[in-house]
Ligand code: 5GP
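Given as structure tokens, the chain that follows is alone and in the form predicted on its own.
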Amino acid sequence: MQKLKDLLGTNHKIVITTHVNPDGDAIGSSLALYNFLIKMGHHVNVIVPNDFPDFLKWIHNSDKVINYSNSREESENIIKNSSVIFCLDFNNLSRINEMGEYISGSDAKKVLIDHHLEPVNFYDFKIHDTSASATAELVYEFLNYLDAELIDKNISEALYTGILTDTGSFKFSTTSKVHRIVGDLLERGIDINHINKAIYDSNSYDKIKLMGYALSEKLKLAVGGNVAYIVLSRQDLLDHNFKKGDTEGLVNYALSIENVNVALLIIETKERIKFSFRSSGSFSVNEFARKYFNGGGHKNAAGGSLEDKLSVALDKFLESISKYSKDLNY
């Protein structure tokens, strides 16, 4: 951190980026760092691979975020002319799709801040801790090291958003340190009622209808009732006027069923089949996703993808998970 502090002692053109389909931790961490670095006097841009959910667009300066998929030429020029690139909440350049090759080829100093397992070494500096509840927790520690006095209400709200969402509203991966951090953020003026309402209580009618449909019509059990899964086709999404973020948290309902220790949400997109895995206890969905579905993440929360038909993807999951029937009955 001291080397990074020395590096940031002079003004730089900085890019902050995060993973495809950015979630609360990705956007919260990125905007907290953005708002801090511009207070330091740096020229900063946040570039994300694709759009992020509307329920995160209240965060201060979220309107400044550049969507690479809509502004490729502008984004690539900014990356080309940058001197420092912060890579937040991902452990492999493949997690940012086409942006990865431009960042890989950049002469800028690359900084990884992340809490996912087994990071690929593409960086010059690393702040990495798999025991952290969220990347926002690591960003908080970094900003405190740089200058705690610069952490204002807007930065604190972004940090809280990252921690809140990545811990499932403090239901998992929560330590005493996390609560001490939140206590400090509260003292800096954040309104947790406002933040919770913005994130969790601003659902569209279509989102609620989609969730109801998924739970009543698409929720299935397998492997003796120890596995629950939901499969949503592209047509299902179109029928419910799907918008990015509408399936956020859906897989957790499946995991909440008694005796279910692994849950999966499968979504068919135009390009590929996406998997969102959750588990409780000792079963590592990170290892499972890496082995069968080109994915990874955390021990109890991971993602993956296949470029195949929806029916083939489901069959592969059921066949693969059935091999672990004894491991899942705990």
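Numbers follow the displayed sequence, beginning with 1. All values derive from a computational prediction rather than experimental measurement.
Below, we turn to the form predicted in complex with the ligand, even though it does not appear here.
At a distance threshold of 4.5 angstroms between non-hydrogen atoms, residue 95 is in contact with the ligand in the model of the complex. Residue contact check for residue 276: one or more of its heavy atoms lie within 4.5 Å of the ligand in the model of the complex. Although the partner is absent here, residue 294 lies within 4.5 Å of the ligand in the model of the complex, judged by heavy atoms. Heavy atoms of residue 110 never reach within 4.5 Å of the ligand in the model of the complex, leaving it off the interface.
Only one of 56 to 64, 276 to 284, 42 to 50, 29 to 37 places residue heavy atoms within 4.5 angstroms of the ligand in the model of the complex, namely 276 to 284. Shown here without the ligand, the chain has only 116 in 106 to 143 lying with a heavy atom within 4.5 Å of that partner in the model of the complex.
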